[in-house]
Each structure stands twice: as C-alpha cells, then as structure tokens.
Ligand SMILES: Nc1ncnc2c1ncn2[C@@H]1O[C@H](COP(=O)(O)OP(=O)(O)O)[C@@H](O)[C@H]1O
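In structure tokens, one chain follows: the form predicted on its own.
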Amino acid sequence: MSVGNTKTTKLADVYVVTSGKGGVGKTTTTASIGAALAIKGKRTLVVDADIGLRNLDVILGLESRVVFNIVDVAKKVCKPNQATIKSKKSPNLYLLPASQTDDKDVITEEEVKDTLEWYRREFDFILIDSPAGIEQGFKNACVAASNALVVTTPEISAIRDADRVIGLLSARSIEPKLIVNRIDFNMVRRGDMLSVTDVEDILGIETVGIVERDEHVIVSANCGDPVVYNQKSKAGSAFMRIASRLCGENIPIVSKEKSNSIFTKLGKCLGF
C-alpha cells in the first residue's frame, strides 16, 4: 500500500473530474483515464473526493483493501503513504479512497490542498473524482486542481449542469476541457440525440475526448476492472486516446457523426 519514491522533481498535473450532474459516468471516467495513464507509464493517483458515498474503490476492484482514507490523511490519523492502495493491474496506478462514514464537510479546502500537495511530489498525474453537485464536496475537489475534465452526456439536463460547473471552474482559474460521454452516433444521425458539435457550441470549451456508448463499460465496472484493459471496447480505446492527449500527444479527435439535430437551436432557446 505504500508509495515508492521514484517520482522526479516535477510536480504532478492535477485534474478534477467533474460534471455537476450525477450519473454521467464521472467515476468511471476517472478510473479509466487513470488506468490508461498508468498503462502509458505515468505514475498516477486517483482520488475519491466523494466523502460518504465512495465508489472509486469498487470501480477499481480495490474495495476489500481500504484501510485508511483521505480524511485520515487530512486529520493526520495516518501517513499519506499508508492510505494509498496500489492497483492489482498496474504498478503505476494508486487509489486514495474517500471515507464511507464521514460527512462531506468533515475536512476543509485547506486540509485537502495540504494533503494533495504531498502527493504531487510523488506522482505524474493526480485525478480527483468530484462528487455531484456544487456544494462543499465540489469545492474541496477543486482546491488543488489547475485543470478540469468536465464530463457530460448529450442530454439537455446534463449540459445545463455542466455549463454551471464550467462557470464555477473559470471563477477559480481552473482550465476546463470537455469529455462527451455515452454518445450514440446512430441516434445522432436520426436527430434523436445532441451531436458533439451541438454540445461544443453550447458549452464553448475545448473537447479532449468523445466516448461512445458501450456495454463493456457496465461489465467492467461490475467486475472492478477498468474498461481500458478490454481491447475490444470502443470506450476503452477512447479513454486511452484521452490519456494520450493529456500526455501531450497530438491525436486528432475524429467524430463519426452526421447530425440532423435541431438541438443547437433548442439549447440556445433554453439559455445556454
């Protein structure tokens, strides 16, 4: 469970993975991109900031190995390296779990920032899985981040919440990038789902990845095995490409859509 000391002097890039709306695949995205970065040789820490409702340990298949958590580190109940759990799949991937029993406001923004500052010296990337909503849990998840991955599905309610979160991130000088999750290009072609272009036009931020709807994601989550390890998964390949872009690789984003959608006008009418 301990973290090694092979990290270089460069501090980790810290990303908060957020959405505003729950149920859009934020935790799966955190686990998948974290696993993908680890596959690429990057020492990566994924942090569950959803105190009281942790799930990242389950997605990674590490729930039986949780002893300490982020609250224990912040309150100095344990040392930082005692709370991290190494992935069973990769020596480069670690989890810092959330507490299952504490309240969301049990730790302050300053305590979270101080806690993650230690980990920044040990890792190349830190991905923080933010809880849904924009209350204290969201603020805690953002406090140490300079970048954000905003996850949304192509639905008006999800996009409305994402738009609100983007404004809050900008106010904190955190640079947001967009991940459009669970896109179904057949529905887009029929005009029954917003296209990626629709979502981009409404939200107005750079897209870093498009993830197709894929049943392998559900199977992988239930098995505690990130979908990037499944070479047959379209979603797994998409998360690998996102990780490559975060590492600075110039990989074009190619969309398969030919949209007949009318939702861009609808979005503007709704005030986006």
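Quick caveat, the model's predicted, so the values are computed rather than measured. Note that residue numbering begins at 1 and tracks the sequence as displayed.
Just so you know, the form predicted in complex with the ligand exists too; it's not on screen, but the next bit is about it.
Enquirer: Is there a clash that blocks the site, or is it open, when the ligand is superposed from its pose in the predicted complex and ligand atoms are checked against a 2.4 Å limit to backbone and C-beta atoms, 3 or more counting as blocked?
Expert: Here the answer is open - the superposed ligand has no atom within 2.4 Å of any backbone or C-beta atom.
Enquirer: Only one of these stretches, 181-189, 91-99, 158-166, 70-78, has heavy atoms within 4.5 Å of the ligand in the predicted complex; which one is it?
Expert: So the stretch in question is 181-189.
Enquirer: Are any of the heavy atoms in Ala49 no more than 4.5 Å from a heavy atom of the ligand in the predicted complex?
Expert: No, no contact at 4.5 Å.
Enquirer: Is the gap between Asp57 and the ligand in the predicted complex 4.5 Å or less for some heavy atom pair?
Expert: Asp57: no, not in contact with the ligand in the predicted complex.
Enquirer: Should Cys223 be counted as a contact of the ligand in the predicted complex, where contact means heavy atoms within 4.5 Å?
Expert: No, no contact at 4.5 Å.
Enquirer: Are any of the heavy atoms in Ala38 no more than 4.5 Å from a heavy atom of the ligand in the predicted complex?
Expert: It does not: once the ligand is placed as it appears in the predicted complex, Ala38 has no heavy atom within 4.5 Å of it.
Enquirer: Taking Pro176, Arg241 and Cys247 as the candidate spot, are all three within 4.5 angstroms of the ligand in the predicted complex by heavy atoms?
Expert: Judged in the predicted complex, none of Pro176, Arg241 and Cys247 sits within 4.5 Å of the ligand.
Enquirer: For 200-220: residues with a non-hydrogen atom within 4.5 angstroms of the ligand in the predicted complex?
Expert: Residues within 4.5 Å: Val211, Glu212, Arg213, Asp214, Val217, Ile218.
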